[in-house]
Each structure stands twice: as C-alpha cells, then as structure tokens.
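Below you'll find only one chain, the form predicted alone, shown as structure tokens.
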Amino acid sequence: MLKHAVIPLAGFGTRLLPLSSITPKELLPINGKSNLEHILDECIEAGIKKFIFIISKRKENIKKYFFNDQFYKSILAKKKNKRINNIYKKLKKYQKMIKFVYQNKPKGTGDAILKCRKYIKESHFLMLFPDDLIIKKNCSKEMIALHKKTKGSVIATKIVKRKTVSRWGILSIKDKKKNFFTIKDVVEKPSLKLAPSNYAVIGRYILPTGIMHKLKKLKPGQGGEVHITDAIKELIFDGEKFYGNIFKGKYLDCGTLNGYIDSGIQIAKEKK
C-alpha cells in the first residue's frame, strides 16, 4: 500500500524573488491557503498517510509554520476564536503526519530523495514538486489508481506545445491508451528536433523504493547535481515498468511570479 509522499522543499525559490527572500515560496498564500497546504490536501484526499518534507536549515520557517503550538495556545487562551481554533486543529492533524529531513547543500532532487531512504518501507512512494499545482481533478488519486491497476511506477504528464518541448522533461511513449501509456524513456529538455513526443513530465511521480540504489551509485550530472531523471532512465532500461498518467485536471505553475499570481486567480474562480 502506498502511504508516503515525499516533498522536496530545500530549493532557494529564486524565481519568486523578492517574495521568497523572507517567506519560503511554499508558504506563500494562494487564495487564502499556503501553496504547501494545497499539495497536502490533495495527497490526504488521495489516501496518503505520511509526509516527508525535505528542507534546509535556512528554511526552518516551514517547520515552524506547522509546529507553532505555543503561539496558537497563547492566542486561544486570550481569545476564543472558532476560525483560529479550527486552523490549529488542522495543523495538529498535519503534525502527526509530517517528518522532516535535511538537505543543506543543493545537490539536486536525486540527492534530496536519497535522504529519505531509511524512512520508506513500502515498495513505492509518491513524490510531488510544490511548484506544480493541479486543480479541478485530484492528480495524485488518479496516479495511485493507475499504480494499483498496473503495479508499476507512474509519472504525471500533459501535452505541451511542440515549440516549448525544450523547457520540459519529455517522455518517449508506446502502447497509448485513453488516459495513460507506457514510458520507453525520459529525455530532459530535448531540442525540438530530438523530442520523442510532446508529453511533458509534470511534478508528480510514483517511484519504486529501488530507485534509492540507483541514486546511491549515480555520479553528479549537469550543474553538479544528482538528477532523479537519470535514475528513472536506468530503471526503465533495467525493465522497471513506468507509465504516464495523462491527468484530467488543470495544471498551474506557481513557481514563477506570473504563474503564482495566475494560480491565485484560477483557484479563486474554481471556488465561485
């Protein structure tokens, strides 16, 4: 049974400066709720029971956001406020589910995932990038359903404009069905000429715990970082089954300033 979700949070958030210079980008509010809480609520609705947050020492505010009991107790002792009390109850629920691990040097997503290896005992785990919000339909729930059906690993994907493929990780596909396909390969930011399709990788993965063995052996790649894509490619080459989930929801990139502003607008429209 898939219980764990891993969320890498140690990045600098440079695309959202100056907003992220004081507040971690994952805590910035989107329509009245932090970015990170949107991700958590998606996962909990999909059946996830435990979260591993990968943070760095400079992002301790993320820990404080969820574990600030004394602050809430002092407020509630002075003021019996139903809204604040409900917020505190929700944070207490999150507390029981969250574990923190640290990645203090920026060595890539692969290195970040490796920090979690002793905490995940199941065969597979969910990994989500908080920059990528998917609304209208629960993408994590769709992916878990596909994982149960195929017993394989799953990557969320959507069609992007052909001229933009060099901005994305692009999937090489076969045996396409209505809402999913088998993945033959993953090509990171290919040229238009070399792109095997225009199905892009979006920030949701169901990965086998066996990926940890690959990550341990990987040498740093581009930028001196350990890339999760390199480990996935090796697993596919070894015969591990990976499937692309063509999700039904609407994708929002809240990792850039314009995308962050638009995400708030789009989520507000959904709630009307």
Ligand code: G1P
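Numbering starts at 1 and runs along the sequence shown. It should be emphasised that the depicted structure is a prediction, and the values quoted were computed from it without experimental measurement.
Beyond what is shown, the protein has a form predicted in complex with this ligand; the following relates to that form.
With a 4.5 Å cutoff on heavy atoms, residue 205 counts as touching this ligand in the model of the complex.
Shown alone here, residue 196 lies farther than 4.5 Å from this ligand in the model of the complex, counting heavy atoms only. At least one heavy atom of residue 132 is located within 4.5 Å of this ligand in the model of the complex. When contacts are judged by a 4.5 Å heavy atom cut-off, residue 185 does not count as touching this ligand in the model of the complex. None of 162, 137, 167, 176 but one reaches within 4.5 angstroms of this ligand in the model of the complex through a heavy atom, and that residue is 167. Proximity to this ligand in the model of the complex, defined as a heavy atom within 4.5 Å, singles out one entry of 56, 209, 229, 34, which is 229.
The stretch in contact with this ligand in the model of the complex, judged by heavy atoms within 4.5 Å, is 168-176, chosen from 142-150, 74-82, 91-99, 168-176.
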